[in-house]
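What follows is one chain in structure tokens, specifically the form predicted alone.
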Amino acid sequence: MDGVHDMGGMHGMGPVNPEDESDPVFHAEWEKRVFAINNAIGPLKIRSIDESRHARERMKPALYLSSSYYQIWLDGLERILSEKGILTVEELAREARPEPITLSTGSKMAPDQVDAFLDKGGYFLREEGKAARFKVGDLVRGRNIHPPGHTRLPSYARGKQGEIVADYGLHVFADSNAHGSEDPQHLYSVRFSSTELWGADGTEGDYIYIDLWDDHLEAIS
């Protein structure tokens, strides 16, 4: 979907100012709880990581731009858990008493399992899926798409020409996975020149490498 979350390559956002290494990881106690809740939900298999991303990018634009990192996480959590029927709007607003939750998927994570779970991470390679339409060295163009759902194709690369420089093999397609279907297909590293993306305002010799799936690309004949 086209939204304020897709701000890569846009003007007016100011510089990226990384925090000092001595700064705390969390700036408030509630941020720790949001981080913990988000990760505790993972083993329950209620939602995929791409569903989570799509939930966050549907935050109201003005609120998104004025929110901190973990405020956006919290908004996405509330949205996805409401949509999955785990929570109700009334419960979140304290207008109704929270009801017990029974899940048929996944299992609760014990405290001593947390570190191993986080170290393991996700696994998105698949053995079967769509045949590759491209190979390393092929010239391709980012499709000019504007889907109402989730997409990992940034707007600044749509309609732009690049070159396949690596094929990572079959991976879960994030755009589909955000809506309940893995649709495995080849994931590539695509190199775009800075001047192709931003014309005369780009810099000769600078390149941007973007990981894109088969369905994000079209062949250049």
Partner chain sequence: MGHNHKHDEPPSDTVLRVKTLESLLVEKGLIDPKTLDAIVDRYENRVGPQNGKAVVAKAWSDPDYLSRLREDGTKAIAELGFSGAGGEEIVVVENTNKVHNVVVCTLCSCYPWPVLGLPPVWYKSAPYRSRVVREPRKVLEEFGTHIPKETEVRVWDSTAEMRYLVIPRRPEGTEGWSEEDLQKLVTRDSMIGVTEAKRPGEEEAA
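Small disclaimer: the values here were computed from a predicted structure and weren't measured. Residue numbers count along the first chain shown, from 1. Each form is matched to the other, and the largest set of C-alpha atoms that superpose within 1.5 Å is called the rigid core.
In what follows, reference is made to the form predicted in complex with the partner chain, a form of this protein that is not presented.
Colleague: Does Ala110 reach the partner chain in the predicted complex, with heavy atoms at most 4.5 Å apart?
Modeller: It does: once the partner chain is placed as it appears in the predicted complex, Ala110 has a heavy atom within 4.5 Å of it.
Colleague: Is Pro98 part of the interface with the partner chain in the predicted complex - any heavy atom within 4.5 Å?
Modeller: Heavy-atom contact with the partner chain at 4.5 Å: present for Pro98.
Colleague: So in the predicted complex, is the partner chain close enough to Asp50 to count as touching (4.5 Å, heavy atoms)?
Modeller: Contact check for Asp50: yes, within 4.5 Å of the partner chain in the predicted complex.
Colleague: Is there any non-hydrogen atom of Lys60 lying within 4.5 Å of the partner chain in the predicted complex?
Modeller: Answer no; every heavy atom of Lys60 is more than 4.5 Å from the partner chain in the predicted complex.
Colleague: Hey, which residues along 1-19 are within 4.5 angstroms of the partner chain in the predicted complex, non-hydrogen atoms only?
Modeller: His5, Asp6, Met7, Gly8, Gly9, Met10, His11, Gly12, Met13, Gly14, Pro15, Val16, Asn17, Pro18, Glu19, in sequence order.
Colleague: If you line up the core, does Thr203 shift 2 angstroms or more at its C-alpha between this form and the one not shown?
Modeller: Comparing the forms between this form and the one not shown, which are aligned on their rigid core, Thr203 does not shift its C-alpha by 2 Å or more.
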